[in-house]
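Only one chain is shown below, in C-alpha cells, and it's the form predicted on its own.
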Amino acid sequence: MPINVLHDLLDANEHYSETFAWGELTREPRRGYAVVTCMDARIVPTQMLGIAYGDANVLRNAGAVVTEDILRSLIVSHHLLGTNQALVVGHTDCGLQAFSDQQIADRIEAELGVSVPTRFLAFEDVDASVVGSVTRIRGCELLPRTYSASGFVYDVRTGRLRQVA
C-alpha cells in the first residue's frame, strides 16, 4: 500500500475513533438478519437499507453470489448470533455481469503470465443470479427450514430496490 494511502487511512481512523460511540454494541445483530451484497464501491448497505451500526451482519463479495464461504458465514450468523433471515442484494451494472469467467481469466493471465482457473462466478442475468443465491440459502441443510431468504436487485442509477425472490 502506498505510504500516503496508509497515512490517510490511519489519520481518518484517528478522527473516527475520537467520536466512536458503538463500543457497547453486542455481537448479535439487533434486527436479526444478514445482508449478502456486492463489494462494488457504489453499494453502501447502511444507506441503501436504512440500517445502523449493530443492526445486521453484512457479508460482501464480488457479485453478491452465495458461495460456500457466504453459506459458512450465514450458518455462523444464525447459530451463534441469532439471525433468522438473509437478504441477498445484487445490483445493476455489476462487473461480474459485464465479463465472462473466461474473459476475467484471460485478463489476469495476460497481466501475470500464469494460468488461472476460470471459476469467478460471472453471470449474465442479475435477477437469475440473485434467485440462484436465495435458492442455495433455502436449500442449505445447516440452516433450519424456518430461516428466511429474500432476494433483491439494487439499481445503481436510481437507488431503488426491486424484489426478485
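Start at 1 and count along the sequence shown; that's the residue number. All of these numbers come straight from a predicted model, not from anything done at the bench.
Keep in mind the form predicted in complex with another copy of the chain is missing from the figure; the text below concerns it.
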Original post:
Do G54 and another copy of the chain come within 4.5 Å of each other in the predicted bound form, heavy atoms counted?
Top reply: yes
Original post:
Can you check whether L59 is within 4.5 Å of another copy of the chain in the predicted bound form, heavy atom basis?
Top reply: yes
Original post:
Would E124 sit within 4.5 Å of another copy of the chain in the predicted bound form, counting heavy atoms only?
Top reply: no
Original post:
Would L96 count as touching another copy of the chain in the predicted bound form under a 4.5 Å heavy atom rule?
Top reply: yes
**OP:** Can you tell me which bits of 126 to 145 touch another copy of the chain in the predicted bound form, meaning any heavy atom within 4.5 Å?
**Re:** E141, L142, L143, P144
